[in-house]
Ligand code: SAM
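One chain follows as structure tokens, the form predicted on its own.
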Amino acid sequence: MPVDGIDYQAQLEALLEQIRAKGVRDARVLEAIRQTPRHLFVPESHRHYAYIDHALPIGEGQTISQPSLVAQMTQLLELQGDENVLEIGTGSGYQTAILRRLCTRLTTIERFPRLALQAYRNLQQLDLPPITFVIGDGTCGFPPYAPYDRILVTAGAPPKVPQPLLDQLSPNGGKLLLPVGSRQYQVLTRITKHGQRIRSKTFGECVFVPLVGKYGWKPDEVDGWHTL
């Protein structure tokens, strides 16, 4: 049904075709994207771009990732539906909404209070189960609900992966997915933990805004680095 003169549903279906063409085949992931109206998660001034496969600014130097990348990262988590998940970087709440449709428990951390509040308001528009919101340093994780079956980081981490996230990852096949690399670009990396054994696999280059915090980039290292 058109809203404000725009047929968002038709645009969403066209976007889903693009996402499939980029290799996303997980039916649960595709359905979660179909059920999550992206235009509700972008600033009103950018809503006419909501279903174009690009990142968009959301304030505080942060972005909402391009939909195909959100879909690819979600698929790489290999969610079965019974997981305890931690998301680092709530942003607009778009990825949060998709994750919440696919797991049993979700905790999301955002370091900017204004973005966290806006994400909460965005998510209130959807009929979703409860989500735990945390405002703070995502590089420290959130120990009260650890261990996590899955951890998703939606910002670019430095070469040394934050140790608290590895510590809070379930030793029973827990998966940590994050972009790792330099300030110019990162490599999407999935770390799987079995006991004390850590295995990693990479999935190509990407560019994210920086993961800032005690175990990430320092604020003075990323001044002026706002990537779309």
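Bear in mind that the values here come from a model prediction, so they are computed numbers and not experimental data. Residue positions are given as counts along the sequence shown, with the first one as 1.
Not pictured, yet referred to below: the form predicted in complex with this ligand.
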query	finding
65, 88 and 137 all contacting this ligand in the predicted complex, non-hydrogen atom within 4.5 Å	yes
Heavy atom contact within 4.5 Å of this ligand in the predicted complex, the stretch among 77-85, 142-150, 124-132, 105-113	105-113
In the predicted complex, the one of 16, 209, 206, 24 near this ligand [non-hydrogen atom within 4.5 angstroms]	209
